[in-house]
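Below you'll find only one chain, the form predicted alone, shown as structure tokens.
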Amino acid sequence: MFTESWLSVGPSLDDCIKCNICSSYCPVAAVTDLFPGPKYVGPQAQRFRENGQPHSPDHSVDYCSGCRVCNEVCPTGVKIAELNARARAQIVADQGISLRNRLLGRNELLGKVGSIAPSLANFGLHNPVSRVLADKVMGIAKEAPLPHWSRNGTFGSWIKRTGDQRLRSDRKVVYYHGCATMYYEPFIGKAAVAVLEHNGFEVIVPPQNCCGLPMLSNGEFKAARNYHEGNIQKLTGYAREGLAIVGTSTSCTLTLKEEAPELLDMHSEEANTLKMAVWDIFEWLRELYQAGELRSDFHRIDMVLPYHAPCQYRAHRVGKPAMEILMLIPGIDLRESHARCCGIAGTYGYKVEKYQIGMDVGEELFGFVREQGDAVEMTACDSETCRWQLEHGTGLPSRHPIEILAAAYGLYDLEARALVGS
């Protein structure tokens, strides 16, 4: 994918000073020789991929997990992870895409199909025979922590069913739930709605599409563009009304804010209006708190809670607002993880050739959780795939911080993952 404008990620490669800090911090390069490091496959190789240059034959760029640790540590602001994503897209444009990667990119479609008969879909995806077949035929690792479809209906069916019970208020906020909450973890959305309503906001849940990140990660830029255009059409009207659009998936909100516009060169007035209205839900709740408008009628929760801020959250460059809010809850002994990455990186750790790399990367986080001792009964993390990886690597349940906050308000049962009284 070539540079199309000065707003594109391409021109940032000329800011690379070859200091190699990105390679020193890269969690993937630290555990495998298959990935030579961000500088080599990113800005260095990109010079040979720009307009008029022969395309690089080096497929090692496919081993970049897109965790963005390189972007965080780069002293000159080179958008290395985005350069690598564009290089993968160029490989797909030149050589096509595998059936596996095409399927893994269609989170919304898979969610819809599986939700028609979730028990049957869960059996089909998770029984040992099908996992071995998926491993051998499709290249989806049999050990990978794939999600389970909700057997209690989708988040959309719940919000429709409870429409007459929802709060009506002059203070309104739009909720972007994403595919995971819609089809696999509707309890995350229920907890978010409960918290927002508890603070006096009417929650609007409009039609919406997948953010497109799974497709961007697997190099399907054309299909991802269709999804982002769909979200612009469906959500920009709310942004023009001055409403905040909050999301509980850190990767989805980052994609709407930044990754889709930058990677796809979508910089129209409508796209910019949407990106400026999107917030991570805890980024937005922290604004409420700083304005003195966040309710603080918290119940005490006595627990040791290891918390991991996912890579995509750190890429928002908003600090760690979820941790700041959780620290307000009496009784919680919050332990902050400084691990670079959990290793799953969206669909990266699902792939048979990358599963063990993902687990080796995640060991830094798994070890941190073990070091917190036997008092730990669960962990917390904002990203759905990171939570699934955390559970897989530690054997402990993991919760979204919005579930913890809802429980602190007395609205949510952390064990049952259900609203109190539902």
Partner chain sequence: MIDLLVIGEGLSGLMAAYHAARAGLSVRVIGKGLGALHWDAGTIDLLGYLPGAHDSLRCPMKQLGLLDPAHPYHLLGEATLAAALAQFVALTAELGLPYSPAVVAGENSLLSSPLGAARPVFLAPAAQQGGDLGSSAPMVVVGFKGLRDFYPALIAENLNKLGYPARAAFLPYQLLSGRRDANTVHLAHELDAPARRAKLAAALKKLLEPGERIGLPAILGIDDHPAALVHLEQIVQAPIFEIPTLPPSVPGIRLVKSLRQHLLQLGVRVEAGMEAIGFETNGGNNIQWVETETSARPLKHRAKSYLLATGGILGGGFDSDHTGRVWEVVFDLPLTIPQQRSHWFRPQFLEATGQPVFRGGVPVNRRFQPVRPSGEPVYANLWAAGGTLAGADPIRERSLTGIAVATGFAAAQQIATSHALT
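Because the structure is a prediction, the values reported are computed rather than measured. Positions refer to the first chain, counted from 1.
The following text describes the form predicted together with its partner chain, which does not appear among the structures shown.
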Under a 4.5 Å heavy atom criterion, is R168 part of the interface with its partner chain in the model of the complex? no
Determine whether any heavy atom of R88 comes within 4.5 Å of a heavy atom of its partner chain in the model of the complex, and answer yes or no. no
Quick one: is P75 in contact with its partner chain in the model of the complex, heavy atoms, 4.5 Å cut-off? yes
Partner proximity in the model of the complex: D374 to its partner chain, non-hydrogen atom cutoff 4.5 Å: no
Check T154, D164 and S268: does every one of them have a heavy atom within 4.5 Å of its partner chain in the model of the complex? no
Of 198-206, 171-179, 312-320, 80-88, which is the one stretch near its partner chain in the model of the complex, taking non-hydrogen atoms within 4.5 angstroms as near? 312-320
Just give me the single entry in V278, C210, A260, L305 that has a non-hydrogen atom within 4.5 angstroms of its partner chain in the model of the complex. V278
Who in 337-370 is close to its partner chain in the model of the complex, meaning a heavy atom within 4.5 Å? H338
